[in-house]
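As structure tokens, one chain now follows by itself in the form predicted on its own.
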């Protein structure tokens, strides 16, 4: 079971070991938790199909969907969907996305971040702005992008629509000084997938185990450890909106550089 490295390896191990153990017990076979030191290592492992079960971001799934099929999605902050968005300072005078021409935009993640880069870029494209029409900067995380915007280090920031409501953001800056400029359609949260070559009965058993983690205190402890409020059923067509945006931003079959 591979988990994408949005946290440090040791933290990832702590977070997902309870789920791996639960799957082992329910499936009657050992589920080995695998971590990666960085996104390049993780991406190589996905490309080489080293994982039987994998949890990753929406972009990773779209790129690997010939080898993997989605079975479920995370629910986070009690929500199954979240839009990608662009944010500005209220005192900026910016009221339209087209006004970001020639401005500096900071994105809360790398070029493979669905909500923090791909979706905001899609919004800019919809307003007629190409990559050369604005200056791109990158923060390590979406909260860091919000902080940079608050400090006037950028004219706009990209992130999920829930960015300003995140506790870490609200504790760090005065979010009343910022506002959402534009947002995409709601997008399903992070996917869980399995190898397409896996027997269909085993795929369904895995799905059944992880989407039924609501019924007991022990189940809730597993979810809490993984910092999710639930895992729900999903199928490939649920990620078609993501696929359309990714293809529009990078071109069909093209990876970000």
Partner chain sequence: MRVPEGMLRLGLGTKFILTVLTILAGTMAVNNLYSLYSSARFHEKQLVERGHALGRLISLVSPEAILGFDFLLLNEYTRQVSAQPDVVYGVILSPKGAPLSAYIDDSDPLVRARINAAGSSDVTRLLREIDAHPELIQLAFPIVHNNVELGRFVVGLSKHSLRAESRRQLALQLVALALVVLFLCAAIYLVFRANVLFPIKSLISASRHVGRGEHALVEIKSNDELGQLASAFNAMAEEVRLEQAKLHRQANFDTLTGLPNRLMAMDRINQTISRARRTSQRFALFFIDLDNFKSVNDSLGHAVGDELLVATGARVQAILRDADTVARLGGDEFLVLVPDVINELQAEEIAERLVRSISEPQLLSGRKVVARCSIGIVLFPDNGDTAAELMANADNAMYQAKAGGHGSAIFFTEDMNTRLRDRMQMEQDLNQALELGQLALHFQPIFDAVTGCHRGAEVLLRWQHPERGSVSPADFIPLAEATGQIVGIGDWVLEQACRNWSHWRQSGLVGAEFLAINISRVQFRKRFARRLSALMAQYNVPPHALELEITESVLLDDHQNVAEELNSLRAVGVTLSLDDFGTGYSSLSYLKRFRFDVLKIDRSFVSGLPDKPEDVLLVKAILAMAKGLDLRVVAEGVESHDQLLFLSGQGCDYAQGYLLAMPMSVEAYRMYLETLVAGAVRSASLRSRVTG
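Since the structure is predicted, the reported quantities are computational estimates derived from the model, not experimental observations. Numbering follows the first chain given and starts at 1.
Quick note: we don't show the form predicted in complex with its partner chain, though the next part is all about it.
message: Going by heavy atom distances of 4.5 angstroms or less, which of 137, 185, 133, 177 would be at the interface with its partner chain in the model of the complex?
response: Contact with its partner chain in the model of the complex is made by 137 alone.
field: Proximity to its partner chain in the model of the complex, single hit among 80, 99, 144, 92 (heavy atom within 4.5 Å)
entry: Contact check passes for 144.
query: Hey, of 81-89, 144-152, 123-131, 177-185, which bit sits against its partner chain in the model of the complex at 4.5 Å between non-hydrogen atoms?
result: It is 144-152 that comes within 4.5 Å of the partner.
field: Candidate site 65, 202 and 206: all three near its partner chain in the model of the complex by heavy atom within 4.5 Å
entry: No: no residue has a heavy atom within 4.5 Å of the partner.
message: in the model of the complex, is there a heavy atom of its partner chain that lies within 4.5 Å of any heavy atom of residue 172, even though the partner is absent here?
response: Contact with its partner chain, yes.
task: With heavy atoms only and a cut-off of 4.5 Å, decide whether residue 106 touches its partner chain in the model of the complex.
output: So residue 106 counts as contacting its partner chain.
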